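Shown here is one chain on its own, the form predicted alone, set out as structure tokens.
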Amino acid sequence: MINTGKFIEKSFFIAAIFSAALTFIIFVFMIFLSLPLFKGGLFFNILGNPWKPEHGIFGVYPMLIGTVLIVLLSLCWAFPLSLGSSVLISVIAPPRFSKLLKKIVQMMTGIPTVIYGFVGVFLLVPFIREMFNAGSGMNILTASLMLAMVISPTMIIIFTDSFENIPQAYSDAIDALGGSAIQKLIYVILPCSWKGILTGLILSLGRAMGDTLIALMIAGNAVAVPDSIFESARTLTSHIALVIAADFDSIEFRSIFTCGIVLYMFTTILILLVRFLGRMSLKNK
């Protein structure tokens, strides 16, 4: 008779090995197609040069700057919104209302990104254009605001789960001392859940970094280095989607693999940070 437990354990082990091998193969594939750039010393030149195909220059520096600006700005909008929503759900709101809010947030995580993009094009872009007299309205500010809406549900869920995992004895002690909900939040919940908050930030940063459609639809896709948040920009992911090269051996085509390697390495660093925080959390328990 087959041991069901061992069968399931081996199945999960095989799935994990397959996933790891597939991830490694993808990375090797990108490195292999980028070898001519490494051999010719062009890899770092591509990272530091502008994108001027008409002059034979295929750098992704403007896209790197556009990615950093849009992602970091989106986190600036999303973090206070997510933290406040998590506090409302976990600490302030009555149980029924809290449960309803959590269900709504969970539903928002399943909305396709392209839907957010359409909402941004038809509602947010005209608003930003009229409010700030910002050209077409497709710029870094608009893209970051909509991207913040995309990553906020994930951040809220992680923050909320972190708040709800606080030992009940801590909350009971504050209640016994006559502490208010805000005092419980400041002196117990936030200090005990900072690792969960940091994990949520890191994962949301990776989610924002890997998003393509929001930047593609709303950021304006300008290939120049932006001087302000009211100017258009292009991200690394949207650049990969937009570049069409007829010659697969050209620098133009191989430059998109430079973008892929940068994104891959950045995601790897984020995953390692999350795992490190998880191990620290287990050691402290």
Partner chain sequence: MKQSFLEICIKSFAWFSGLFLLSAVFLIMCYLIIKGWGAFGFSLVFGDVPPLDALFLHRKVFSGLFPAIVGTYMLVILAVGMATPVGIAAGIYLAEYGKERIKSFFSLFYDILAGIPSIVIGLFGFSIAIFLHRYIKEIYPCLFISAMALAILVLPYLIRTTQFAMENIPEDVRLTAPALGADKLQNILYVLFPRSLSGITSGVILAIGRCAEDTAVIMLTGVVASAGIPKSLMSSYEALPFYIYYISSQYRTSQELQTGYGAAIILLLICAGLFLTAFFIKNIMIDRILYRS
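Between two forms, the rigid core is defined as the largest C-alpha subset superposing within 1.5 Å. Positions refer to the first chain, counted from 1. In this text, all values refer to a predicted model and were calculated from it rather than measured experimentally.
Missing here is the form predicted together with the partner chain; even so, the following discussion is about that form.
In the predicted complex, the partner chain lies farther than 4.5 Å from every heavy atom of L75. Although the partner is absent from this view, G59 stays clear of the partner chain in the predicted complex, with no non-hydrogen atom inside 4.5 angstroms.
Although the partner is absent here, I46 sits far enough away that none of its heavy atoms falls within 4.5 Å of the partner chain in the predicted complex.
In the predicted complex, Q106 approaches the partner chain with a heavy atom inside 4.5 Å. Although the partner is absent from the chain shown here, L123, I156 and L216 each have a heavy atom within 4.5 Å of the partner chain in the predicted complex. Here the chain stands alone, but in the predicted complex its contact with the partner chain, taken as any heavy atom within 4.5 Å, falls in 92-100 among 159-167, 67-75, 92-100, 191-199. Think of it this way: in the predicted complex, the partner chain has a heavy atom of just one of I31, I229, I240, L37 within 4.5 Å, and the residue is I240.
Contact annotation for 59-81: residues with any non-hydrogen atom within 4.5 angstroms of the partner chain in the predicted complex are P80, L81, listed in sequence order. The rigid-core alignment places the CA of I17 2 Å or more apart between this form and the one not shown.
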